[in-house]
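First comes one chain, alone, set out as C-alpha cells in the form predicted on its own.
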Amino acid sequence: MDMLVFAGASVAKIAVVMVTVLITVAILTLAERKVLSWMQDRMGPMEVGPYGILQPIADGIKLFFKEDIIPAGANWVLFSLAPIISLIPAFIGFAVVPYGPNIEYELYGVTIKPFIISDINIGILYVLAFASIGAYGVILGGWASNNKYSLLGGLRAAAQVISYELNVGLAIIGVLILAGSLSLVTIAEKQAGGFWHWNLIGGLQIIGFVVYVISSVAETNRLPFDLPEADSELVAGWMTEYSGMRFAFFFMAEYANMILVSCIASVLFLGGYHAPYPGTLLPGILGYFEGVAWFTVKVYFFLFLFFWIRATLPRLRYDQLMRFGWKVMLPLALANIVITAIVVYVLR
C-alpha cells in the first residue's frame, strides 16, 4: 500500500511538471515572437485568435499533419532517433528541480514532498549528465541526414557543446563550495532569509552568474551563439532535412532546455523559491504557493533575457565563438573558483 501511494504521488507530480513544461513551451513560442516584434516595432502574429494568442495551437496542428520526409541516403534509424535523444534528456532534468518549499505531508502513512519530485544528493551532476546527452541528438541528426549543411551544423554543435558545457560546470562550482552540497534542494535552502543571502549577492557569485548565463545561451544554441543552426549560412543547420513531428521534437527540446537552464539559474544564484524578503507575506498554505510564484517569476525573467539577447545582439563568427569560450569564459570561471575557495577558507 505504501509503495502504491508513493508511486501514485510521484506519477502525479511528474505529470503536473511535464504538462506545465509543455504548456510553457507553447507559450514561449508565441511570447518570443511577440517580444521580438514589439522590440522591432512590429505587431507579431495577429491572425489566429484574438491578438494571435492561438498561434501555438495552429503551429502544433500544422507540424502534426505535415509530411514526414526521410531523405534518400539518410541513416533512417539514427535520423529517427536523433530528435528523441534530444527531447528526452531535456525533460529528465526537471526531476531534481525544487519548485517550491521543502515541506512534507503525511498521506496514508507515506511522507510526500509536494513541490519536489526527487531530492538526490548529486542533483546538479544529474542535470549536467543528462544535458550533455542531449547534444548527441543534434550531432547524430546532423550526420544521419546525408546533407552537407546538416553535417556542418552537427560538427559545429559538437565543438560548441564541448567548449561551453565546460564553462557551465565550472561556473557552478563556486555555488557548490558555498553550499557544501550537490543537492539542488539543499542549495536553495541555504539561501533562505532574504535576497542578501542569495548566492548572487551574499555569496558574491557575480562572475559565476555571468559565465553561467552566457554559457547557457551558447549551450542551448540560441542567438548570438546559434552557429549550428545559422540560417544565413547553413539553411537550418542540423535540422535542414527534418519536417513534421521530428522537427517539432527538436523545437520542443530547445525550449525545454531554455526552461531547464532558467530553473537551475534561479535555484543556484537567485534563491530558487525563496522570496527576496524574510519569510512570506501570505499565511498558512498560501505562503507555500507564494514561494512557487517567486520561483516562476525568476524563471520567466531568465526566459525574457533569452529573448532580449536575441533581439539585441548579432550572431558571432565561428572563430569569435571559440575564442570567447576558451580565452574569456574559461579563465573567468577558473578565477571565480579560486577566489571563492580562498574566501570561504579564510572566513570559515
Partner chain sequence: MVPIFFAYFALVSIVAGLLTVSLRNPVHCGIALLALLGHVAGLFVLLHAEFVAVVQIIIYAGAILILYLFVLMLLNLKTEERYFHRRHAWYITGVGALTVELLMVLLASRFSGAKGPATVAAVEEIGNSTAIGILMFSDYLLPFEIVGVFLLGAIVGAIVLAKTPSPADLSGDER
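Numbering follows the first chain given and starts at 1. The structure presented is a predicted model; accordingly, all values stated were derived computationally and were not measured.
The form predicted in complex with the partner chain exists for this protein as well; it is not shown, and the discussion that follows is about that form.
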- Query: So which of 140, 236, 112, 248 reaches within 4.5 angstroms of the partner chain in the predicted bound form, heavy atom to heavy atom?
  - Reply: 140
- Note on the structure: If we test each of 133, 107, 206, 103 for a heavy atom within 4.5 Å of the partner chain in the predicted bound form, the one that passes is 133
- Query: Only one of 197-205, 222-230, 157-165, 266-274 gets a heavy atom within 4.5 Å of the partner chain in the predicted bound form; which is it?
  - Reply: 157-165
- Message: Using a 4.5 angstroms cut-off on non-hydrogen atoms, would residue 255 count as touching the partner chain in the predicted bound form?
- Response: no
- Message: Residue-level contact is defined here as any heavy atom of the residue lying within 4.5 Å of the partner chain in the predicted bound form; does residue 80 satisfy this criterion?
- Response: no
- So, in the predicted bound form, is residue 182 in contact with the partner chain at a 4.5 angstroms heavy atom limit? yes
- Query: Heavy atom to heavy atom, is residue 151 within 4.5 Å of the partner chain in the predicted bound form?
  - Reply: yes
- Message: At 4.5 Å, heavy atom to heavy atom, what parts of 99-135 sit next to the partner chain in the predicted bound form? List them in sequence order, or say none.
- Response: 121, 122, 125, 126, 128, 129, 132, 133, 135
